[in-house]
Structures are given as C-alpha cells and as structure tokens.
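Encoded as structure tokens, the following chain is the form predicted alone, with no partner shown.
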Amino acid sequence: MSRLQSWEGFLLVCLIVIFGFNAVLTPEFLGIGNQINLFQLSIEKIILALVMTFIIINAEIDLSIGSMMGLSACSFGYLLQLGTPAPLAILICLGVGIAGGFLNGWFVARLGLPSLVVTLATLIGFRGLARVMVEDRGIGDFPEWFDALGQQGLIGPIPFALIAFVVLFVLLYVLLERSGFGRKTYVIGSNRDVADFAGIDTARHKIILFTMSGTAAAFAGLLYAARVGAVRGDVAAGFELDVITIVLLGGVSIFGGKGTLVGTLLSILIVLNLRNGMALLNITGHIQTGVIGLLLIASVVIPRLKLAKPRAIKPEATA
C-alpha cells in the first residue's frame, strides 16, 4: 500500500490510464512495430536519463550531456573521414566521453565549482568542438554493419539499442539500490558534510558519477550515428532539457538525496507513450511539448501539496 501511495504509484496509475487511452483511440498503437519504434526514436534520451538520475540524486546537474553526445557522434564521422577503422573510432569516441566526464567531475569535486556553471561551460565547449570538426555539413556513409546495428533488429525485431537500454537499466538499478555505491550517492546528495564526516571520499565519488555521465553520452552519440546514418554539428542539441524533465518527472528531487530508477523508468514510459499517442492522433509537436511541460509542473506541485500540513488552530485564550 505504501508503494501505491508513493509518487511511483501515482506515475503507474498515470501510465495505465495513458496506455489505455492510446490503445482505445488508435488501434495501431498496440502493434509490435509501433511499440519498438516508440523506444527507438528516443533511445538516446532515455539512456541518458538513467545516468542523469544518479547525478541529480547526488545533488549535481550535468547540462553538457547533449553536447558530449554530439561531440562523440561528430568525432566518429570525422575519424572515419580520416581513414580510421570504425572499431578504433568507436573506442576513441568512448575515450572522448570518459575524458569529458572526468573533466567535469574534476572541476566540480576538486575545485569546488558549481556543477551548473561547469557543465554550462562544457556544453558550449563540447558543442563548439563538434561544429569545428564537421562545420555545417553532414557526414555519413558509415560501414554497413554499423548502420545495421542502429537500424535493424538484433534479436528478431528488437534493435541493439533497446537491448542495451534494458541491460543498462538492470545494472544501474543494482548499483543504485543494492550496493554501497548507491547508498553513498544518496548520502552525499542529502548532506555532503555528513558524508565527509562519515569518511566518504565525496570528491572521488562525484568524479566517478560525472565520468559515468560522459561515457553514457558518448555511447548514446554512437547509437544516434548508427540509427540516423549521418551526423551534423547540431546532433542532440537541447537533449539535456528533455532528459532532466524525464528525471524530475520521475520523482528525483532537484535538491538531491531522493529518487529512484523505478520512478525514472515510469516517467520514461509515460513520456514515450504520451508522445507516441499524440503523434498517432496527428497532434503537433508544440502541443506535445506543452503537455510534457504541464506534467513537469505537476511533478513539482503535487508532492508539495501532499506534504503540506494544515496549521493547527490554536484555541483562543479565555478571559
């Protein structure tokens, strides 16, 4: 009962209602192809949302994930143009993500700079590097096996990216909910001073989290390049806002120390089903964005209304 009365329970009810409406209003919604397409078109964002959950629970923010994703994708295309073998280019791109994430974490953890400022700066820097490499042109003509990895099913109709998402969710769920690393993430997010007094190496922990974020963004950039078959300098522009919206809608507190991956998963399913259902009903993208925005507002307001307690009325003093 406590689970059903939690924010995750509320999200589950919303998901069931949305799924039911979609199934009734658009019969093609239940098709296997549509359900796979529902995930495939936003697979990079939902992978980033999993790692962003760790970052925000830790009371930090990473605004550079979209730019890092674009830098990784553009680096892959640029390296192929230089004649680099595709497997080596993939490893280099992942290394770029690791280095970029480590850089963010080092500035935040070792120099004590706000993550909002640091990642805003690297958002601009990473995007600038991506545009320098590819300018305004598109780069494509990737190896056939690479394009097939992003555009064809790996197990039946299920693509590699969706399988990677499921595996990543399971691994991160165990890491956050069933390990000491996850407990440290919550403690540091709740109160860093308490974590320091408890002997937790908070600086090292934050560097690891930001490195994870950069690596996930680089991986997502490669998935995007495989799915689309081409890259440009504006790849993943604005993705960071959608990712943060999904995480906050899932019940993760922007102040840190609170949230679950289950909530993030339910939020992902709600957003994907909403967008897909509205698209099948030919509702424009602007209205879709407005609906998601209203959901985000609700995710902030409703828990506060629930937690607010009426003030006790003091009896008036008798004469």
Partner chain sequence: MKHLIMGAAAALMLTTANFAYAEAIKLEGGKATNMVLLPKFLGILVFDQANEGAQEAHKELANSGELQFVGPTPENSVAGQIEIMTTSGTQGVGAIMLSNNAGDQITPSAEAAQKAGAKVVTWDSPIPGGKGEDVFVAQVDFGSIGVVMADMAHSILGGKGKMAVLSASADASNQNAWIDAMKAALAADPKYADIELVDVVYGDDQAEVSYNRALALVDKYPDLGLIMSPTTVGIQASAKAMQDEGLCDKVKVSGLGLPSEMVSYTMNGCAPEFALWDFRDLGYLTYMTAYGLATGQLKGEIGETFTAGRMGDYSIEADPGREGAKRILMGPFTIYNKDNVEAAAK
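Keep in mind the model is a prediction, meaning the values are calculated, not measured. Positions refer to the first chain, counted from 1.
A second form of this protein, the form predicted together with the partner chain, is not displayed here; the remarks below concern that form.
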Full three-residue contact with the partner chain in the model of the complex, heavy atom 4.5 Å, for S115, V170 and G257: no
Which of these stretches, 93-101, 199-207, 222-230, 159-167, has heavy atoms within 4.5 Å of the partner chain in the model of the complex? 222-230
Whether T84 contacts the partner chain in the model of the complex should be assessed with a 4.5 Å heavy atom distance threshold; does it? no
With the cut-off set at 4.5 Å between non-hydrogen atoms, does A279 touch the partner chain in the model of the complex? yes
Verify the contact flag for R137: yes if a non-hydrogen atom of it lies within 4.5 Å of a non-hydrogen atom of the partner chain in the model of the complex, no if not. yes
Is it the case that Q151, even though its partner is missing from this view, gets within 4.5 Å of the partner chain in the model of the complex, heavy atoms only? yes
Residue by residue through 10-48, which ones have a non-hydrogen atom no more than 4.5 angstroms from the partner chain in the model of the complex? E28, N34, N37, L41
